[in-house]
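Below you will find one chain, with nothing else, as structure tokens; this is the form predicted on its own, and questions on how it binds or moves follow later.
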């Protein structure tokens, strides 16, 4: 399957999506080339029962057996990354196929497995205390449409490494590719000697199935990767929950930065998968004395500069006014624009460019909608600032206290330290594209569940465990 041709991939994707490229209401993909996908259920209660059986089976395994399953998940993810990348773009209409392929390879390569589960021992005059990291049992996971199959596989590796079973309630807009990933994990489990059904998902995920999952007594841990609404619902469930919420990552560029590199890095990070990753650069605060040079470097790397009038016109398209439950008019991001190519967005305001244009840039003031809203599309506003104090103040305000991710390009250690201390984000990337923060071109492991609201940060297998203590009093200290 690693040598599958592009034509074969397209044929497979078309058979799964069944001609529906919008994906928004396509819940019928429970088969792959005539083969029934494993672990997909019409009833959430049945899915939870199946996941519990998977948990009981994996709990009885040795750590070495668990690692065999994870090794097979990694192998299949690498082999089938092109299929999932094509499926993700075809179903959701968001992102770029090549970037999604790279994200799957990143997940396969840099998601921690059982090596992340480390026991602790403490000895003293009163004996020995052993602390071990134990599974919760069955984990209920909600996954997004922005990184659907990547999140399913990343979460599955970490949760299985910790010894859990998993039931997913994926975003309805990415159900085909999410269920394909669930099936991949189960195929890997069976091939490695594990249970045939280790992780589960829904034929038709809804708010109702999510509610059943959140209140079910067999679900011991909830993990939500998504927007603020679903995260709030999970955190108010009364169960132990891990919430990976929204961000609006700012970038500061001061006058000590390598401007040529900063211009390229910012555009590379901002346009990766069309700005769908929650860590991606969303707004830039540039020192006035280097702003012109920075904009030139951005243009050299595929950015298209629009004027203020065009920016306002585009903002009126990509942001929609809606009335919330409190009766207040609020602006929300247009789903039809999220993750779309820059040329597609420019066409909406009558600007025709070729595919070499990767990003739309514009100069704005701080209060512009492009600065204040997390767009998740390749649009990057640039705000001029006079000094580091102004830059930090405005960047922290634009981040809205999400404490998710922030970036800075500078060679001034004092400036870097001052911003890092002030913004308090889970991820702080210095002098690199945003994706370095999740191990792509940077050190450290990867994840697509970045739990700022609940404090787990860059989640891994140990995030999905609970600590258990075993004490032997007055004995077994050999010193």
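Remember, it's a predicted structure, so these values are computed and weren't measured experimentally. Residue numbers count along the first chain shown, from 1.
Missing here is the form predicted in complex with a small molecule; even so, the following discussion is about that form.
- Here is the short version: of 114, 214, 186, 274, the single residue with a heavy atom within 4.5 Å of the small molecule in the model of the complex is 214.
- Checked against the small molecule in the model of the complex, the candidates 450, 423, 44, 436 yield a single residue with a heavy atom inside 4.5 Å, and that residue is 450.
- Considering the small molecule in the model of the complex, the lone stretch of 152-160, 293-301, 369-377, 98-106 in range is 369-377 [heavy atom distance within 4.5 Å].
- Using a 4.5 Å cut-off to the small molecule in the model of the complex, each of 142, 169 and 227 places a heavy atom inside that distance.
- Contact between residue 346 and the small molecule in the model of the complex is not found at the 4.5 Å heavy atom cutoff.
- Residue 191 falls outside the set of residues with a heavy atom inside 4.5 Å of the small molecule in the model of the complex.
- Not displayed here, the small molecule is kept clear of residue 83 by more than 4.5 Å at the level of heavy atoms in the model of the complex.
- Although the partner is absent here, residue 73 sits far enough away that none of its heavy atoms falls within 4.5 Å of the small molecule in the model of the complex.
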